[in-house]
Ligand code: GLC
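A single chain, nothing else alongside it, follows as structure tokens in the form predicted on its own.
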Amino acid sequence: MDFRFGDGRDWFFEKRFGLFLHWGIYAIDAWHEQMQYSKQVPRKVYEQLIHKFNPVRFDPDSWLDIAEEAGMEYVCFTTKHIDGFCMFDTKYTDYNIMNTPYGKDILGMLTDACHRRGFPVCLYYNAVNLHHPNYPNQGRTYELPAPEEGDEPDIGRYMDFLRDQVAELCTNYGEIKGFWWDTGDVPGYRDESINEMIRRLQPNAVINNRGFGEGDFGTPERDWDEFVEKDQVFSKPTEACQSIGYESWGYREDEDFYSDRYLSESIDKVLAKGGNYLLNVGPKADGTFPEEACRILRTLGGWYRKVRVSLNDVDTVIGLVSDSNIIITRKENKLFVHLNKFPAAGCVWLNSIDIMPQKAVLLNNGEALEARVELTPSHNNKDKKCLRIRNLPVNDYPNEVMIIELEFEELP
């Protein structure tokens, strides 16, 4: 399905696997990016972290090196999370990276590296703010229970502040290819003019659907949305997001990481159904990626490079198999069979195909597979032969999705 906008935003359909980065002063305590909210830490206690944040090992090129190894082609960076701390040089609050011991504009360093290396860069901005005196904290999700001493809750004044910061982000960092809102629904405020300002300042930027107006794409998170599993193909532009850590998006010292198999299934499922995929890493307080995060990204990249031909510039095909755990994509005279869940046996039936392929290859290792057109006792189509791929080396690939390439002389 073609969702193209017909303008500069169409980069989004060419570069479909991205790196999400949740990073802020919360990395110091290494517990969770929502620590201030989740633990109900008083503002005066939490904000002292600004005096400890000094990521002397931060090197944006090392981040992009690992992203390239994973096959990722764009970056989305958290400029401000719910704690209100800004990872960029802003003139609208002192609660920002320039007033840490580090004292350098991290966002500027990252965007410079992305522009130099041809990585589209998208900016995340959370609408909730536990630090700003005008934000109307009312105990809603992600908020403080109530305003703190000295606060002057005023949604109008806060939205002026937010609008000014968004304008900074869209003006001071070169070309921005995406704006990623979060929790815009919490304050219950709607204002289409904010997205309109982004489009005016950054016409090639895609905007997600979590802000104060309609966006360009949906953002299912952590496989929680049922349609990601149930829909055979996405009906609108979609970018799924997932973290490599089960517990947190920000750096967590004793994180429980998702398995390689789980992440490869999640990535394959979304990309094969026509969506984008944003996989998150939470850098440590010193600016480096956790060692296990690097291993996971490199492992996924080894798999993704072998199978990406089946995921990019393809169409999703429905009705060729009865097994919902198998997804089929197509490019010209080739079909790609995605064994998205671990197979119960070493064979695949394509119920609606009764012609032999010229070639059957397992993309994971490049080796030829056995193909037949025949009947078997396990199928009820007594009068219809079907294409059967057999002797798949299922036990050799327990940690990654297997994908078969079938090349035909001609496909209907």
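Sequential numbering from 1, following the sequence displayed. These numbers were taken from a predicted model, which means no experiment stands behind them.
FYI, the form predicted together with alpha-D-glucopyranose isn't displayed, but the following is about it.
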Candidate from F88, Y304, F234, Y124 lying within 4.5 Å of alpha-D-glucopyranose in the model of the complex - any heavy atom: Y124
Of H132, K284, K177, R210, the one that lies within 4.5 Å of alpha-D-glucopyranose in the model of the complex (heavy atoms): R210
Which is the contacting stretch out of 48-56, 26-34, 358-366, 342-350, given heavy atoms within 4.5 Å of alpha-D-glucopyranose in the model of the complex? 26-34
Answer for D182 alone: is it within 4.5 Å of alpha-D-glucopyranose in the model of the complex, judged on heavy atom distances? yes
So in the model of the complex, is alpha-D-glucopyranose close enough to W249 to count as touching (4.5 Å, heavy atoms)? yes
Is F12 close enough to alpha-D-glucopyranose in the model of the complex to count, meaning some heavy atom within 4.5 Å? no
Consider H81 of the chain shown here, and say whether it contacts alpha-D-glucopyranose in the model of the complex, taking contact as heavy atoms within 4.5 Å. yes
In the model of the complex: members of 14-28 within 4.5 Å of alpha-D-glucopyranose, any heavy atom: F20, H22
